[in-house]
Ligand SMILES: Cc1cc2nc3c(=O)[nH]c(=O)nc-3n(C[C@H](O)[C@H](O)[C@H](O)COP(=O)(O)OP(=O)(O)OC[C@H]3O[C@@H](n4cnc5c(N)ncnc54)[C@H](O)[C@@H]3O)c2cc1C
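Before any questions on how it binds or moves, here is one chain, the form predicted on its own, in structure tokens.
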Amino acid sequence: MKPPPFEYVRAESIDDALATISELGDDAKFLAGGQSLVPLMAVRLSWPTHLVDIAGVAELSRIAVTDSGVVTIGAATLQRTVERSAAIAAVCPVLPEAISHIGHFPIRNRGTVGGSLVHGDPASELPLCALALDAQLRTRRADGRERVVDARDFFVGPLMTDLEADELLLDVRIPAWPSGAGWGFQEFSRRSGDFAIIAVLTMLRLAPNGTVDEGRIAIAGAGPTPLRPPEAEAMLAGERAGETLFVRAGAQVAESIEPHSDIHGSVRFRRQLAASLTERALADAHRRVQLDG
């Protein structure tokens, strides 16, 4: 199918983009890489009358890493750029790994970090990463007002975010990776490049006696938004890391989530998958802690 007719406007700056979207009204949308919005338009799930292209706005395409490891990524930065960034790999290695699972190379070479976050697909890798990494998203309106939204408040439903129609995502800020922490990323999809049926990102930091000092578990594909099951994360704290604990945490994740059923898998299948992938991701995180130690 083809998208419905629309008018194309190329923005030259952030201020230009915001002024244009404000003038055109609610039927206009920002366009960056087009890898999420254009397919929606093709199946008539979105039909904006105007597209305001922000792909050429240099202020939105940048990566900054501070000496303390805080990462800031402009909204229009290509996913492939982040995937290949040695600076990000050095301080937050799970992010390039997760991005490598997004679609195929041509998609990541056109798709942007902000586009995926704003699209808010509950099975996507970047919303999962934002939630797991306690990211903050900075936005601006045409009148200059800016907001900083925690990732856990940004995703509000399937393909729905906290972003207003006249609001532009400027960048995403990822706090410094906890010292000594290990990570795991596991994803299952029917075919390479498909959206995940279930994806899991974990983080473990251990105390000197081998117990879990901090543990994070984030799940994609198990509900209307990416989620972090509080009961499973609480179960990890203060316990000795190992297979027994990871199996218990996986079972708790399966009990906590409310996945849907479709042609790709039943609710029972998704619960079992979430449990298994959680166990594996926690084991990977544990192994990386031990290797680094």
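Residue indices: 1-based, along the sequence shown. Everything numeric here is computed off the predicted structure, so don't read it as measured data.
There is another form of this protein, the form predicted together with the ligand, and it is not shown here; the text below is about that form.
- Here the marked residues A132, G215 and P229 all miss the ligand in the model of the complex; none has a heavy atom within 4.5 angstroms.
- Put simply, of L163, A142, A181, V149 only one has a heavy atom within 4.5 Å of the ligand in the model of the complex, and it is L163.
- Contact annotation: of the candidates V172, I198, L168, C92, the single residue with a non-hydrogen atom within 4.5 angstroms of the ligand in the model of the complex is L168.
- Between 123-131, 82-90, 215-223, 172-180, the stretch whose residues reach within 4.5 angstroms of the ligand in the model of the complex through a non-hydrogen atom is 123-131.
- At a distance threshold of 4.5 angstroms between non-hydrogen atoms, I102 is in contact with the ligand in the model of the complex.
- Residue contact check for V253: none of its heavy atoms lie within 4.5 Å of the ligand in the model of the complex.
- The closest non-hydrogen atom of G69 lies beyond 4.5 Å of the ligand in the model of the complex.
- Taking non-hydrogen atoms only, G265 never approaches the ligand to within 4.5 angstroms in the model of the complex.
- Residues of 193-223 lying near the ligand in the model of the complex, listed in sequence order, are G193, D194, F195, the criterion being any heavy atom within 4.5 Å.
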